[in-house]
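We begin with a single chain expressed as structure tokens, specifically the form predicted alone.
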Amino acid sequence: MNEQILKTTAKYLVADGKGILAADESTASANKRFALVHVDETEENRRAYREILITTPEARGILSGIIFYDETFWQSTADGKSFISYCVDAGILPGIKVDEGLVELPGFPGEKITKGLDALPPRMEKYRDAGAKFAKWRAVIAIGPGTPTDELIRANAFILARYARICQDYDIVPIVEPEVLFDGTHTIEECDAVMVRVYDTLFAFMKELRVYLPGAILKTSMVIPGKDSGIAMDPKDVAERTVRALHDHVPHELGGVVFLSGGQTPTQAFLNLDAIAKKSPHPWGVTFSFSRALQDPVLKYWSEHRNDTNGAMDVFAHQLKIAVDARNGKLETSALGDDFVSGSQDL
């Protein structure tokens, strides 16, 4: 591995005033979102929608990277320029999701691990040669009665660490994503306890497998109560617990920390990110790697105004501005508009 390349790339991804767009929904996930807003589930529609996000002019100054799904990684704009080339010219680093989805952990009903390690080295070589600068691998950890088990956490942590090391052998920065799911009735205290277990186990394996930590990034959930817990979300409490867990259990030499929105409404995600940013300084760059919190309003608008590309871009530019303000700890709630009052839900 080239440690200097890895470290420089990681720092760029979490640079001041920047953030990452997660546009890596699988075909099935993208089609599910399209179905909810009555958009035909075709490859061309998926391409056209992603083109709006990629080519929004304001994205050039705000996005440090975009995570692609394999289908989108190889697509092009309507005038024939590859998305990867467009990103490079815009100063946006292209990334690629490389996990292949979830499978049951044998012997542990309801708990899942992520597949895709077996064929990963040749795939990483292919993506690197095509221009990918970073990658992402998602593991899923659910909180419930008796879960997550230590075995599930260890299995996912080992896979994430192995993936990270493979990425670095090809000079690609790994984003490791152990997502603690928002779904459930758990309390914020239970989420806090699980998050700490996950961090401790993950970074123990990453060190054992000789992952170069300054050239790796953690993509993490926030410490929040379960969606069905009936517990109100207090951004100050979320920030206090999230920052404490990170500062006490994530190595300070890591290349960066980015947050997923993870089923929160856009308003919840932005308010919580803003509260976390206000508790700086942090030992690493901290920013967003949002999907739904950035995209939901755009998709809703585009589905209703299919010929108004500029209007859809304006909606995305607005979401990006809110995200970067939150990332900087300077969010104005007036910018949230009706969503701040209604708490509108993600798709």
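Treat the numbers as computed from the prediction; the structure is a model and nothing was measured. Residue positions are given as counts along the sequence shown, with the first one as 1.
What comes next is about the form predicted in complex with 1,3-dihydroxyacetonephosphate, which is not displayed.
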{"property": "4.5 Å heavy atom contact, residue 289 and 1,3-dihydroxyacetonephosphate in the predicted bound form", "result": "yes"}
{"property": "Contact label in the predicted bound form: residue 261 to 1,3-dihydroxyacetonephosphate, heavy atom within 4.5 Å", "result": "yes"}
{"property": "Contact of residue 179 with 1,3-dihydroxyacetonephosphate in the predicted bound form (heavy atom, 4.5 Å)", "result": "yes"}
{"property": "Proximity of residue 22 to 1,3-dihydroxyacetonephosphate in the predicted bound form, heavy atoms at 4.5 Å", "result": "yes"}
{"property": "Contact stretch among 141 to 149, 183 to 191, 239 to 247, 261 to 269 - heavy atom within 4.5 Å of 1,3-dihydroxyacetonephosphate in the predicted bound form", "result": "261 to 269"}
{"property": "Contact set, 209 to 246 vs 1,3-dihydroxyacetonephosphate in the predicted bound form - heavy atom within 4.5 angstroms", "result": "219"}
